[in-house]
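Listed next as structure tokens is one chain, alone, in the form predicted on its own.
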Amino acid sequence: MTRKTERSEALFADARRYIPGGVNSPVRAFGAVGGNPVYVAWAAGARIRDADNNQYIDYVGSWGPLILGHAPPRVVTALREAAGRGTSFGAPTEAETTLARMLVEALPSVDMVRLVNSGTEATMSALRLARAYTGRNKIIKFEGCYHGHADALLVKAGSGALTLGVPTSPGVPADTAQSTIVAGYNDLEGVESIFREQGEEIAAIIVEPVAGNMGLVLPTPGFLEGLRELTDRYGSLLIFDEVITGFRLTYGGAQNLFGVMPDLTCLGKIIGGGLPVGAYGGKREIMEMIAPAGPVYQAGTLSGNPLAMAAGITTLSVLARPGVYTELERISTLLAEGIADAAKRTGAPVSFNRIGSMMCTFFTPDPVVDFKSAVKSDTEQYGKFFHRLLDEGIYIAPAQFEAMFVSTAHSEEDIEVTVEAIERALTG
């Protein structure tokens, strides 16, 4: 289709006068693919419409939380009813306990949860709690895994496997970064080496059980199990960042799918039904260290916001119904097989990763199993692919190192249209 862009371009120019870079989260600026961002004006089901009245089939889904699609009627109704009772109280509500109970019942590793406002807040709070519980200061994170923009997590690997992290952003104190050790995702041997050298100082490992921020990268067999064994052996905690995977892969999260139970779990996205939300939870003896039950301080004026609770409770209630994930898997499989077949027919030098309703096309012919293999991708070719799809009315992530998300709102017709567009885009 011939896209109009004048209105979005004008809106972006105006935004740059008042907002740094014109956006409130960097990837939205299209810096990784070039061009100007699409300004969304309306959305319903699997489709969005921009300010220039172009319509797209959407596979971003607000970066994962919209597993039921945009503006699902049940969620919208719940939000209207909740808003009519008040939008924020700064006091406890029954809905907070309801959502907390649903999370505890869905996640076998979780006895108690604390609701917060974002995934970043959940991970930074979980790390503080882990340090307090173990009496240790160092943490291990993995290259290519993103856990929010807290200082201790904005680090990259040093010059060797045992080198402590160095800041990746100005404003992150070097001393803070030095408490973070960066390991290779899916490199269990490397993690074992770190523990042999510094195990008595390590409070926790934090990991995305399925990495979703270097593109989509699955854990190799035994990797998560090995992390569990190492943390048990050295008295450290294992933290799963399931902000993306929680309730995306199955009811509960990746821990249910893989059968590996962490000590602490961080959640977000789907549990708020599209509204700002986060949570962290785990074993009772750990969680009862949080104020006011214990000495570890964490607070938030809007934590447990009644609108987010209403959207989250409604979304999880729908997902808990029999057959929802079976149908989502069926639709996701159609798309995945269609993309794989299109790649074969065109001979495009790409590789493809998928688990459930998350998937990613990498512009490299080699398998992608970690950060080093992911960054071999041809990001320039991905940018061209992205814009060709945009012109075809298909909206995917404006960055190579992000995942596509399928929702229950995507139809077989949507998938057919998408696969045909992808084949043309790969042909170039």
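None of the values given here were measured: they were computed from a predicted structure. For every residue, the number given is its place in the sequence shown, counted from 1.
Absent from the display: the form predicted in complex with a small molecule. The rest refers to it.
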Partner contact check in the predicted complex: of 44 to 52, 25 to 33, 367 to 375, 385 to 393, the stretch with a heavy atom within 4.5 Å of the small molecule is 25 to 33
Touches the small molecule in the predicted complex: residue 208 (any heavy atom, 4.5 Å) = yes
Proximity of residue 146 to the small molecule in the predicted complex, heavy atoms at 4.5 Å: yes
Looking at the partner-bound form in the predicted complex, is residue 59 within 4.5 Å of the small molecule by any heavy atom?
no
Close approach of residue 217 to the small molecule in the predicted complex, 4.5 Å, heavy atom
no
Check your understanding: All three of 103, 111 and 263 touching the small molecule in the predicted complex at 4.5 Å, heavy atom to heavy atom?
Key -> no
Partner-free chain; cross-checking the small molecule in the predicted complex, the single residue of 179, 250, 213, 303 with a heavy atom within 4.5 Å is 213
Exactly one of 72, 119, 272, 282 comes within 4.5 Å of the small molecule in the predicted complex through a heavy atom, and that residue is 119
